[in-house]
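Only one chain comes next, encoded as structure tokens, the form predicted alone.
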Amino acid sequence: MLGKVFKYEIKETSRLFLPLMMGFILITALCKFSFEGSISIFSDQSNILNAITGVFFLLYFIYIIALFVMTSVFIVTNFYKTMVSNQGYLTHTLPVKTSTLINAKLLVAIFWEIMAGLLFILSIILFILGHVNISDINEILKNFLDFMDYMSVYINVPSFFIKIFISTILTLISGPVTLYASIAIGHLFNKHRVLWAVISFFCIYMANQLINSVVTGFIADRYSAYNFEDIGASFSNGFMLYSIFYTIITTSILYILTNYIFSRKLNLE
């Protein structure tokens, strides 16, 4: 059942996300085309082309921000519309568990987050193409490997990258879950639910920031008088491990809370 709901959600959300991402691809292509033209042999004679290139680059950087901001906005919009607005009456009459609905929406949110990230990376690669040769790439890789070899004295490099990967996955999950929980908490109020959802989000955010600041300060203070090896170990084994476990715990709590509210406290009136 989760697969069917996921496919339906992908189909519905693509109406929002595909135009956004197609627009980013178009702006990237135009920016690349004008950039290549502006550095050609005719660039000295084409101030207009240089101006156009500047405009396209400005639009490109604006669109980068819009791509990630609107991805979050669309995730919130889709969840709110299908779970607590008038369309929620139809959603909650489906013969599907509430947890399945939430899981499907979460997977779709993660999918679009990954797509936005991949598009951004591909756009950077597109700009690099034609301006970086094999020897440059080899030099960059050599410097990177040398740096990793140097860092291996202070940290376990494979473990470090595994932690980064886990942290990235958890970030992709925790973001939408926090938004869903905020909407669910706002749903508990009879009036001004959107306002209470926004207030709930900022309360959750501020609480997380406060706790993280205290723990980070404690870890930094504990290792401030130690050598570089201890500081590196504290970051990898201290802060990163703390961050992973803290994110797992808080995300699990928010997920359970969201599922509980929509399963036991649903009130669409």
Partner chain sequence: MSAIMECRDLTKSFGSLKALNQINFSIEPGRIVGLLGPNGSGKTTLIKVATGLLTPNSGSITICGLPVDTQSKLRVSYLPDKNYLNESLKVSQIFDYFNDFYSNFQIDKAYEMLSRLNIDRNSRLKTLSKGTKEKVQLILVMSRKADLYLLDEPIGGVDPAARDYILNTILSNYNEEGSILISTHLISDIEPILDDVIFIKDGTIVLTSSVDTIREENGKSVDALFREVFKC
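Numbering follows the first chain given and starts at 1. Remember, it's a predicted structure, so these values are computed and weren't measured experimentally.
Although not depicted, the form predicted together with its partner chain is the subject of the following passage.
In the model of the complex, its partner chain sits beyond 4.5 Å of every heavy atom of K142. The closest heavy atom approach of K97 to its partner chain in the model of the complex falls within 4.5 Å. Although the partner is absent here, T77 is not a contact residue: none of its heavy atoms lies within 4.5 angstroms of its partner chain in the model of the complex. In the model of the complex, its partner chain sits within 4.5 Å of a heavy atom of Q87. In short, of 88-96, 176-184, 162-170, 109-117 it is 88-96 that has heavy atoms within 4.5 Å of its partner chain in the model of the complex. If you take 1-15 and check each residue for a heavy atom within 4.5 Å of its partner chain in the model of the complex, you get M1, K4, V5, K7, Y8, E12, R15, in sequence order.
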